[in-house]
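In C-alpha cells, the next block holds one chain alone, the form predicted on its own.
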Amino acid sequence: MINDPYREGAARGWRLVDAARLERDVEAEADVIVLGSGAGGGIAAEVLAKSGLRVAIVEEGPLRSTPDFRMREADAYPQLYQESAARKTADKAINILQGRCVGGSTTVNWTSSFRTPPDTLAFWRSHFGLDDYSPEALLPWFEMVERRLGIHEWNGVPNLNNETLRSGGQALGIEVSGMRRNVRGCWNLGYCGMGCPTNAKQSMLLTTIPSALEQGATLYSHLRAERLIVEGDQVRGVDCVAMEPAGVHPRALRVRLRARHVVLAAGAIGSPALLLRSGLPDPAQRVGRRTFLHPVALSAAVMPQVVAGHAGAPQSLYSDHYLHRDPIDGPVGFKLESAPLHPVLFGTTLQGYGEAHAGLMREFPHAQVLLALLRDGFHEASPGGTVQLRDDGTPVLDYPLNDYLFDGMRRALQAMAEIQFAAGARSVIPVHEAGLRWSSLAEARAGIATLLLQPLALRVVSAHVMGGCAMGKDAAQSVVDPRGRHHRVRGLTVADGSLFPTSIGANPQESVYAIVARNVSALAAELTGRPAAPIA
C-alpha cells in the first residue's frame, strides 16, 4: 500500500484550500507569499516555513497526489501540464512540456539531475557580474539539496532506449555517462512523466511542500495570481482569481493575499507574465526577454529488437561530447539524452498523417529515440525568446528559430543518426515533416546535409524554460539582482528558473534547487533576524 501524504496530512490539520471549491471571496495575510509550487517555490516554501515564517503557497494547477497517478497519459496531460501538454510558442514551431500542478514540473519531470556546469557559471561571472556564482560558492547548496532530495548516481540497469546511446557511443569512441536522479526506492516503472505512483520521485509534491505544510503553511491550489499589489515602491501582496475545477477558465471569486514579502516562482513563462500584468517599472524593458528553451531536435530509430521505451527509468545515460567541442560562445553545442516513449507523446511528436503515421506507430515497440538539447543563450545569434501577453492576459512565448540554431540541429541530427546506426539500427528517421527514412549511415549523412530546416518543418520540442527575469548586477541589463531581489521595487524576490541569464546547458532542476536555497535562505535570515533553518 502506497501512502498518500496529503490525505494523511489533511487528517492532521494541514491547511489545504482548493479555490475551485470556494463559495465566497477571501482575504488573508501571511509573512511571505510564495507564488508557484515547483522547483523554486517548493524549496522557498520549506526554507521560509522552517525558519518560522507564516507562508502562503499559491498554485494555479490542481493538487493531485499519489492515488491520482495511474500511469495513463489521457489522465496526466490534461491535469498536470500547462495547456494539456500542448503549450506552444507563438508561431507553433516549438512544443513546450511544462508542469502545472502542485509540485510544478518536478511532479512530472524525468528526474534527471545535474549541477550547473562550471563553464556556464564562468560565463555568468564574466558577462553578468554574478561574481559569487562559482562551483565552490554553490557547492554547499548543491550538497544540501542533494541530501534533501535523494539526488545520487542511479545504479539501476538502463533500459534499451537509453542503452542504445551507450552502445552506439562506445562503438564511436564517444563518452557516455550515467545520470544522477532524485529518487528513493525507485521501482523503475518508467512513468515519471505522469506523476510517480510509488512516491519514489523526490519531487516538491512529496518533499518540501509537505514539510512546509507540516510547519503551518497554507497551500492554495486552483488559484491564479493575476497582479501584484504594489504600494509606492513596496510589493504588499497579490490579487488572485479562483479557477474552475478543470483549470481552464477563471471563476468570478477573488482571493486577496497580503504579506511582508512575495516570492515569485511561477516558472520562466509565468513569472515574467505576472510582472508584465502588474506593470512594475521596467525602463530597460528587460522583463520577458532572453527566455531560453534548450530547443530539442529528435532522431527516431527502428531497432531489430523490441525496445519498449516506455518501461524503465526514462533517462539514465547522457553524453556531453558535443557540448565541449567548441567554445561555449561558438557554434551551439548540444547534450545528448534519450527520450521516454509513451504512445500519446510518441504519436503527437512524430511527423506525418494518415497511413504514413499509422505505419510509424506500428513500429512503436521497436522505436528508439535520441534527443539533442541545444545550449542556447551564449552567442549573440542566440538571444532567446520574449514572453508576451495575449489580450486576455495569459502568456505566450515568441521564440524565433534561426540559422544559428538550425546549424546546431543539423549537426545534432548527424551525430544522433551515426550513434543509432552504430548501435545496430535498421533505419533512422529524423523527426521532420519530410517523412524521410534512411537505412544506412551514408544515406542519412547525405539526406541530413540537404534537409530543409525551418520552423514547422523540423519538429522541435522543449521541457526546459529558463530566463525572462534575468539576474545581474546591472539594472539596465537585468530584472533582479544576484540574490533574486527586484531591482526597482522592495518586497519581491524571484526564485525560479526565470533567474538564469542564459540556459543552463543541462537539465535545470538541480540548478533551481541550489540557487533558490541560497537566495531564499538569505531572505529568511533578513526577515527573521536569525540564520535560516537548513532543509537537510
Partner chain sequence: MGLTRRTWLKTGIAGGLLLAGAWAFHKPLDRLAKRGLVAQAPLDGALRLVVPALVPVLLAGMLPEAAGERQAAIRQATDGVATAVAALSAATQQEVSELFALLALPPTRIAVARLSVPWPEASEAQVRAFLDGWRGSSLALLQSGYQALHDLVLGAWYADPAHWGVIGYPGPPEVPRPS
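In this text, all values refer to a predicted model and were calculated from it rather than measured experimentally. Numbering follows the first chain given and starts at 1.
Below, we refer to the form predicted together with its partner chain, which is not included among the displayed structures.
- Screening 86 to 94, 290 to 298, 170 to 178, 265 to 273 for residues having heavy atoms within 4.5 Å of its partner chain in the predicted bound form returns a single hit, 86 to 94.
- Against its partner chain in the predicted bound form, the set 362, 396 and 433 is in full contact: each member has a heavy atom within 4.5 Å.
- Using a 4.5 angstroms limit between non-hydrogen atoms, residue 536 is distant from its partner chain in the predicted bound form.
- Within this chain, residue 68 lines the site of its partner chain in the predicted bound form, having a heavy atom no more than 4.5 Å away.
- Taking non-hydrogen atoms only, residue 187 approaches its partner chain to within 4.5 angstroms in the predicted bound form.
- Using a 4.5 angstroms threshold between heavy atoms, residue 442 stays clear of its partner chain in the predicted bound form.
- Listed residues 389, 139, 122, 381 were compared with its partner chain in the predicted bound form; 389 is the one with a heavy atom within 4.5 Å.
- 347 is the sole member of 156, 118, 424, 347 with a non-hydrogen atom lying within 4.5 angstroms of its partner chain in the predicted bound form.
- Along 1 to 26, residues 1, 2, 3, 4, 7 each place a heavy atom within 4.5 Å of its partner chain in the predicted bound form.
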